[in-house]
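One chain follows as structure tokens, the form predicted alone.
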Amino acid sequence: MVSKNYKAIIALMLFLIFNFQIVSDQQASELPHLLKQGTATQLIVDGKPFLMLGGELGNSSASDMEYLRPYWKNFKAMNLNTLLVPIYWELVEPVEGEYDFTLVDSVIIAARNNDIRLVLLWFGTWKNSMSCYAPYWVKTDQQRFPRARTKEGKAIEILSPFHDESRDADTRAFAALMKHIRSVDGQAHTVIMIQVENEIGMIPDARDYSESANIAFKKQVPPELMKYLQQNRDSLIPEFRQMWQRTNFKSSGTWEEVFGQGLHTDEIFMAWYFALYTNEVARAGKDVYPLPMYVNAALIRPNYKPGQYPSAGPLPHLMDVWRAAAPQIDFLAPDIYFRSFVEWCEKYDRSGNPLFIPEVGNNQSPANAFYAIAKHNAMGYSPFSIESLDHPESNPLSMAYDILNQLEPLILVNQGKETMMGVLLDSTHHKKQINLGDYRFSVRHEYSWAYAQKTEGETPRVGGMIIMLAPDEFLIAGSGIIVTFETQVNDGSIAGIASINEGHFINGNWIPGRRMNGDQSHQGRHLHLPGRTYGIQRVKLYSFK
């Protein structure tokens, strides 16, 4: 006869197995989504926060799977966990109403086989302002799909956002794409996010001068936009608020009556209609399969005016217009190719907009990633044309991503909690002070130290992150920096270095390496992370008088 205790144990085991299966099934079916943690917004994949250490393919690389096939081993060697891949409207719908998802399926299967997640970039109506990836049947029917026009009336290679036929055609194709992704990937979640269109903007004029656009420009500013602006007047992006303030915050009228005459009004007008159009595309996709969706922006060169850059896109000074018109878009993202990386991160990390960097020049220092992730709680980082990087096993990005992969669990735990900071240094900014816990960290470019190994030419960009493990213990990771320590207690106490260990993580466990208390720390004077490579050091501090 089976004892009551034995029966109870069997019942408990069955209960635990059953509930474990329920949890597993829930995690498998839970869609990728965004979730707040403190001041950070994180991407949740299969029930856990996920940090995108990405790379974006060149524009044409995903149009031929045979061309792409040899590069998958390189992506693994570079320690990528995410690939950003273009999906082309003209190849998805070569004939109206007939869809071909062969390339989509191929890239999903290849990514899944290589344990890489995907962010798909919908090259629909607009790509870098132009409509170059619209299908042939769209391009050749200008009556049905009208072009935007210059002030002189000349048609340009940009589909006008003022026509329902264009929007509806793009919307149908995008919805079909999302339906297909759901059918082939709804459980595996290889695809974790979607970019809707690409670098939307008007050029060479600040606005469309087609007949439909001119009619809309003379109408009253839509009440939906005015309501949003009035409700959020005190919290609007400062650059935008200043433009509206010129007319003493006029609450109704035509575009020029509300915002004044000038290129800035042309840009605001176009931003509203670009965003409305994009919102409908995103809405159709989310109705079918609601993955997180964002739009990306080509940024502004110094002193350029609207029309000289892709105007009216999801730029920081237009963030409020895009939010009002496109609530289906989860956030706006910058494509950063300028050296002013810090400035653009700051412009996008405000007013509740989470930071993701989907595109950055692949010749830029990967120290950028350490800074953006630690300082601005970035969800991810992604150099462009990732397949073109040489020496995938040993290039700077591979080394940086190796360290960030090791640190990912700690990073994700600390995002949004003010226990992690990032720093970025170059020839213009060669030192930075950081306050964290009870200590003040003075971070300097290693070139400020006479004993550092230097190379001729321009001072390289370096940087890193500091994560607080305990009140007196910190991880410092990165490249090319020297860190000294002070106490923040105003009692004359001095910060001392108890110990420094270099090391690494395996499966989240810290494996200490060399004790660095001698020459490597200049006999207890500082912590040094050498340039031309990336590393982690763990420092324990104490104070004395």
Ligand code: DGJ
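Residue numbers here begin at 1 and follow the sequence given. As the structure is a computational prediction, the values presented were derived from the model and not from experiment.
There is another form of the same protein, the form predicted in complex with the ligand; it is not shown, and what comes next is about it.
Here the chain stands alone, but in the predicted bound form its contact with the ligand, taken as any heavy atom within 4.5 Å, falls in 197 to 205 among 422 to 430, 453 to 461, 197 to 205, 101 to 109. The single contact residue among 39, 59, 501, 484, judged by any heavy atom lying within 4.5 Å of the ligand in the predicted bound form, is 59. Note on the partner interface in the predicted bound form: the residue among 474, 439, 384, 217 having a heavy atom within 4.5 angstroms of the ligand is 384. Residue contact check for residue 167: none of its heavy atoms lie within 4.5 Å of the ligand in the predicted bound form. Among heavy atoms of residue 359, some come within 4.5 Å of the ligand in the predicted bound form. The ligand is not shown here, but in the predicted bound form it comes within 4.5 Å of a heavy atom of residue 127.
Remark: residue 335 counts among the residues lining the ligand in the predicted bound form, judged by a heavy atom distance of 4.5 Å or less. With contact defined as any non-hydrogen atom lying within 4.5 angstroms of the ligand in the predicted bound form, 296 is the only contacting residue in 293 to 325.
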